[in-house]
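Single chain ahead, by itself, as structure tokens, in the form predicted alone.
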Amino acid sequence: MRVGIIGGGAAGLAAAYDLTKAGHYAQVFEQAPFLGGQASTFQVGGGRLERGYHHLFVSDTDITDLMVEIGLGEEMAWLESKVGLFRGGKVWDFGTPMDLLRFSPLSMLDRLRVGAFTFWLQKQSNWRKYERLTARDWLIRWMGKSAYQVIWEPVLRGKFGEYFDRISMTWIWGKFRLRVSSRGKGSRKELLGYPMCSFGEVFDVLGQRVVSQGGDVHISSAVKRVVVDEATATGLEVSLPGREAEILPFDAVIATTPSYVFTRLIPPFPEGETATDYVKKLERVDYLSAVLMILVLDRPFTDKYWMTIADADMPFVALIEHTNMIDKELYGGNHILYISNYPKRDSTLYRMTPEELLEEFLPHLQKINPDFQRSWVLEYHHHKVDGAQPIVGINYGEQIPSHRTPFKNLYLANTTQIYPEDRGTNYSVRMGRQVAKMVMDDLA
């Protein structure tokens, strides 16, 4: 069986790996000049650093199991993280129940209330009961209006912009479940995983395994369209480096692109109620982009690994100081700070040049650390990813398109279909392997 795969990220490579391992031929086409998407790397201080910050939780067994399979299991390190929250001009420790009790922007009664319902929510396994509730309504009702305004609303606004009050409580539930699952045994401290060889190396090796098992992986290769004959996917029109566009035949096609890209690659769906409903689900999805600024510093910015920004006046939602968890010697002794945001494509922030964005961020960084100076910055890097964050509204589970599309032998596997968990490398690996099995079962 010949399978064409659009996209060389976690889902596409995981699907190709399983297909070739089972004796089928898989051909992966990635438009970028590298594999792995945001988990791809570039050189900083002689080491490989991810374009987008990445770590794993203890519960992320899909990707860790795959790493063992491809011989990289020993590279995984589990490390304690330090979590902070910036609010009211101060950085607060925010990783343990005791930290919450010291959080004076809330009254003691509100702190106890937040702690009690946080503990209760972590024990809930039935996410479906939260689907019809917005996070805003649930948090105000059970944790209180003050807690919502002080902690949660700035976080939701930063993550989802104008959609902040439409986000499903299921999304918050997933965040709490991940946090509790990442506590070490007998420990209240959070453990996060990182492959010391870098995530980029993981996906490079995975691509090499696909090739060694008889498949092909192409970078800098654009897919022009999915070729369809009588409502059945039969191939891909692709443009490989240095060659004219050509049509390659396949028995099945897996697309891992965002939904709005997928609709551009396919012809109109066949008529019928099922196809019409599928199109509506694809078009109903709203996305935000990820905009990342990476500062390479000559000294630490704070002592926190992850800092949530609970201040609506700040132009970013989180600071991730990579080298407060990962040894700075991997990057020539430099310190790495990610500045994260999720704007719409038509926003001013999205359209800023790297230089403009840095100048926008600098005075706000000084509010967090008054000692910070522009001279600390040795170099900076700017990355944008479109279609990075789907908007997870109420009743989202009913709006997810099937992996099997209305075209026979054409499959879709993208971040809008990861649910109730939030998008993540681990879940993309899981989804890619699930869709590969689906293809093999359907075409057996």
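These figures come from a predicted structure and were not determined experimentally. Position 1 is the first residue in the sequence shown; the rest follow in order.
Keep in mind that the form predicted together with a small molecule is missing from the display, and what follows is about it.
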Query raised in the report: in the predicted bound form, which of 81-89, 117-125, 102-110, 215-223 comes within 4.5 Å of the small molecule (heavy atoms)?
Result: 215-223
Query raised in the report: Quick check: do I6, G37 and N426 each get a heavy atom within 4.5 Å of the small molecule in the predicted bound form?
Result: yes
Query - Touches the small molecule in the predicted bound form: I167 (any heavy atom, 4.5 Å) - result: no
Query raised in the report: Taking the shortest heavy atom distance, is Q417 within 4.5 Å of the small molecule in the predicted bound form?
Result: no
Report task. State yes or no: in the predicted bound form, is some non-hydrogen atom of L410 no more than 4.5 angstroms from a non-hydrogen atom of the small molecule? Result -> no
Report task. Report yes if any heavy atom of T257 sits within 4.5 Å of a heavy atom of the small molecule in the predicted bound form; otherwise report no. Result -> yes
Query raised in the report: Among I140, A290, L240, L248, which has at least one heavy atom within 4.5 Å of the small molecule in the predicted bound form?
Result: A290
Query raised in the report: Though the small molecule is not shown, can you say which of W171, Y342, W152, Y331 has a heavy atom within 4.5 Å of it in the predicted bound form?
Result: Y342
